[in-house]
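First, one chain by itself in structure tokens, the form predicted alone.
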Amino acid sequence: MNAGKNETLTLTPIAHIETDFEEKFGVPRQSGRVEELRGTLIFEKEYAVNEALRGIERYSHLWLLWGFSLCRRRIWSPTVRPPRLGGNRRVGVFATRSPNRPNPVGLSLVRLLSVNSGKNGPELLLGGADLVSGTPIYDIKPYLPFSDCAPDAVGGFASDFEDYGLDVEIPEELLSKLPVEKRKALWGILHEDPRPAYQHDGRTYGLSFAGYSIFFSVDRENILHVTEIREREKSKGR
């Protein structure tokens, strides 16, 4: 039966994800671009049921439907300024993955690394997630390579930036401050160029990752230099 055209759907989070990102700045613009990133999907009590995950371990990748919990607006705009276009060219909102949408929902393709037993039920260890810690997850669906992959797909203006990336230089004395298992992920995040596309003026930027503050600048040769890595003070209650 088809739903009425004016019917309202209320989405209830079935889970949330815990990642190394406390804020939006630095999060890769697309999932899977930095495969070394790790995230743990923790189910809400009602959905922390092993039977609901029966057979999921047979899939290598999953689709996550999630909410833009840090970017919600009451009024939507039919056009947006994609960061990769320099922030000064408008395109239709439905031709982008901008968070500023009529319904603030996102879609990410992640790798399923393992199904684990947490203290409150099953948890999923995921790779390549482009999500801030605490993001609500509305649904999970298996990725089907024989139907979800279109070999003749065209990527629009996003394809123009498919191979874009910065050279990254991190002095060894700074890199040694990070846990070994976090180093490749940090390199991947910085290689993706987290700066706003309209700010390429050599200023120093800072982002939070895995409990550390990372400071960097980019020179005229598009080489990113990490200038400082500082452990962040832990928030109360965490």
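In this text the structure is predicted, and so the values were computed from the model without any measurement. Each residue number is its position in the shown sequence, starting from 1.
From this point on, the text means the form predicted in complex with another copy of the chain, which you will not see here.
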*Verify the contact flag for residue 65: yes if a non-hydrogen atom of it lies within 4.5 Å of a non-hydrogen atom of another copy of the chain in the model of the complex, no if not.*
yes
*Is the gap between residue 140 and another copy of the chain in the model of the complex 4.5 Å or less for some heavy atom pair?*
yes
*residue 191: heavy atom within 4.5 Å of another copy of the chain in the model of the complex?*
no
*asked:* Residue-level question: is residue 11 within 4.5 Å of another copy of the chain in the model of the complex, judged on heavy atoms?
replied: yes
*Just one of 196, 32, 171, 206 has a heavy atom within 4.5 angstroms of another copy of the chain in the model of the complex, so which one?*
32
*Does anything in 35-55 come within 4.5 Å of another copy of the chain in the model of the complex by heavy atoms, and if so which residues, in order?*
43, 44, 46, 47, 49, 51, 52, 53, 54, 55
